[in-house]
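Below, in structure tokens: the form predicted alone, a single chain.
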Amino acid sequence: MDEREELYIGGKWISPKGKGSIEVMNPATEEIIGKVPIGNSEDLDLAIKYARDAFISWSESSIETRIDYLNRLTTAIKENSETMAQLITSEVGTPIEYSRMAMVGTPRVVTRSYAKILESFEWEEEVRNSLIVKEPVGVVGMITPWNFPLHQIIGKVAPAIASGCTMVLKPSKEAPLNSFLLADLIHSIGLPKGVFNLVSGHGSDIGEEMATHPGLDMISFTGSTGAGIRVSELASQSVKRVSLELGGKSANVILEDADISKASSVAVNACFGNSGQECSALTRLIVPKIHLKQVIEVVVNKIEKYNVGNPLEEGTRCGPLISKKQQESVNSYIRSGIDEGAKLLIGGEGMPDGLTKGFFVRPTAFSEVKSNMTIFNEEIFGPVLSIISYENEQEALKLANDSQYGLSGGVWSSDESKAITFARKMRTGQVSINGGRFNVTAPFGGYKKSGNGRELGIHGLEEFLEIKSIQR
């Protein structure tokens, strides 16, 4: 049991004013593995006060100082990588190998990337008779999700440190333990008191209070589109800056001249990563009708070998979903696909064979999916792949863009220039060509209902900066 009884505020661990605790459950075993305190408005007020006081000096800290702290944090994460990976796998259910790489490895690289960015970042420029300067936006409220808990936290904390902002973090209630371990590491590297503050609690309480709080200059939110809309509505009352990274229903388009076998095989991984609990998952596979049969054969064969089970065991490909509620939600989507006429290729409702405990679902794929079906339009957040066929590229593009979301996407072609031309026409914030690897220094964010901000790289840093022009 990892029982936390204190909040990290003003550079120290203190007893909360709020009452009660949030239990953290291992989704693979359904056992309680930890607890964190429930903060209240007094705790939030205190955290913001410390952050505002710290901003005065931290906003004027030298670039060399910020680089040093980012490098220290990078080292601390590296030295505690296995502990963090094991913890996140226990909280979220992410297979341990993926947890080491994406849940901990990526945040470490992101932290290091901001130290490197600061070495050459241009903080001012001259435009005719004006000096244009970039300054930290102020005190940032951060609200993060459970699916990539540490990565989403670091994606906000690292650029905030780099920019000279101070912050108050509210982690997800489903997977908060890693954020407390991160606070331990931040304390260990000696980051000045008040720069980073941690207040755990419920989104309906602490999250909503953060959105309306006059002491916060910005809200950086990652989560569902519905919750993001609510945050925007509340934050508008104080006209604070809001950066949103929300849901997705991304398309993966295989063009006729692509390597069909490779594209189809990689498409399963692109949809099923983290057991499908990825906002950027490529869940709609759009394929040429003339290659449909081959695509289906490859996909079904790949999923048949996709072992589901204990995420702490080496080699497990698919772990549980985060909660009973999410398990029921994904099963209801599978049921709707069947009821609405899609063809079930593999998987289906219920627990995978041999499993009786945990929030597991069967890795599932459908074909004959139409654009009016629920599974085509709504974010499922589980290992469910929808295959849609097309007659020509114009139809393929129309299908790809037929979504309220626009977070990610993929295109496959033997002609890279052709794939890039197609990618440019996709209304989405990020597109991979022939399985192009994720780049932690490239901007990540979406179009339409997938959000309105960018994280990672220089663009992620600039989200935390104000621009001032000084005329001479």
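Owing to the predicted nature of the structure, the values given are computational and were not obtained by experimental measurement. Residue numbers here begin at 1 and follow the sequence given.
Heads up, the form predicted together with a small molecule isn't pictured, but that's what we're talking about next.
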| query | finding |
| --- | --- |
| Partner contact for Ala227 in the model of the complex: the small molecule, 4.5 angstroms, heavy atom | yes |
| Close approach of Ile143 to the small molecule in the model of the complex, 4.5 Å, heavy atom | yes |
| Heavy atom of Glu379 within 4.5 Å of the small molecule in the model of the complex | yes |
| 4.5 Å heavy atom contact, Leu407 and the small molecule in the model of the complex | yes |
| Candidate stretches 215 to 223, 108 to 116, 185 to 193, 252 to 260, one within 4.5 Å of the small molecule in the model of the complex by heavy atom | 215 to 223 |
| Residue among Lys170, Lys240, Arg284, Arg362 with a heavy atom within 4.5 Å of the small molecule in the model of the complex | Lys170 |
| Among the candidates Gly247, Pro136, Gly155, Pro176, the residue which, in the model of the complex, approaches the small molecule to within 4.5 Å (heavy atoms) | Gly247 |
